[in-house]
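Given next, in structure tokens, is a single chain: the form predicted on its own.
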């Protein structure tokens, strides 16, 4: 029998250590450019190294995928860890306290476990499929909002965009229909906030697997909805994700996000 709690405890230990690394580096890192407005720091790399060391030491036969050029493939393993050591890098660089560590575990190509740690608030979001979602060990649930005009929404927009992208048009389509539409800079925290009811919906067409994997598990286990923006089945490998608190808001946003 698979001991999911063992995997979760290892992921939590790794996330907390990575959070410690981020906070330690927060006053002394130097910045380099991956691309315009897409910053990478020594903190990212050191945090990912800490996560990999802790998990790999415990589960050396597993596969790994991480944002900072981490790709360890083991064709004989059904387990794959999907890691973002610093989700919200630009926020971190500017000392805007909205960033986190995100760790997911995939089993037999199914997202099964999610851990997201916000070191600035000491908030730990966790979920295992079939066991519910938690914030600092307390059960969480998505909000009870039913109408889009009552919903606080968050959207991702392209990094370094021109303003002509379809994601910008979608943002503008939803803007007059919802109570609020925000852009925050951390996909993993956005999903965590959908899960605990602080935000009612979040969508993006620009994410990588490590941005969304853990948060999707947490949203689903909190009673929320996850699909592609057209309502079809979510695929972690694709940059197409809509998460919300309820079927009614999910359906309203599927309609609002359509581009003619």
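Numbering follows the first chain given and starts at 1. Just so you know, these numbers come straight off a predicted model, no measurement behind them.
Keep in mind that the form predicted in complex with a small molecule is not shown, yet the notes after this line are about it.
Residue 156 belongs to the set of residues with a heavy atom inside 4.5 Å of the small molecule in the model of the complex. Although the partner is absent here, residue 63 lies well away from the small molecule in the model of the complex, with no heavy atom inside 4.5 Å. Contact check for residue 89: a heavy atom falls within 4.5 Å of the small molecule in the model of the complex. In the model of the complex, the small molecule lies within 4.5 Å of some heavy atom of residue 186.
Looking at 164 to 172, 133 to 141, 186 to 194, 73 to 81, the stretch with residues near the small molecule in the model of the complex, meaning non-hydrogen atoms within 4.5 angstroms, turns out to be 186 to 194. Site annotation in the model of the complex: the residue of 226, 207, 54, 45 reaching within 4.5 Å of the small molecule with a heavy atom is 207.
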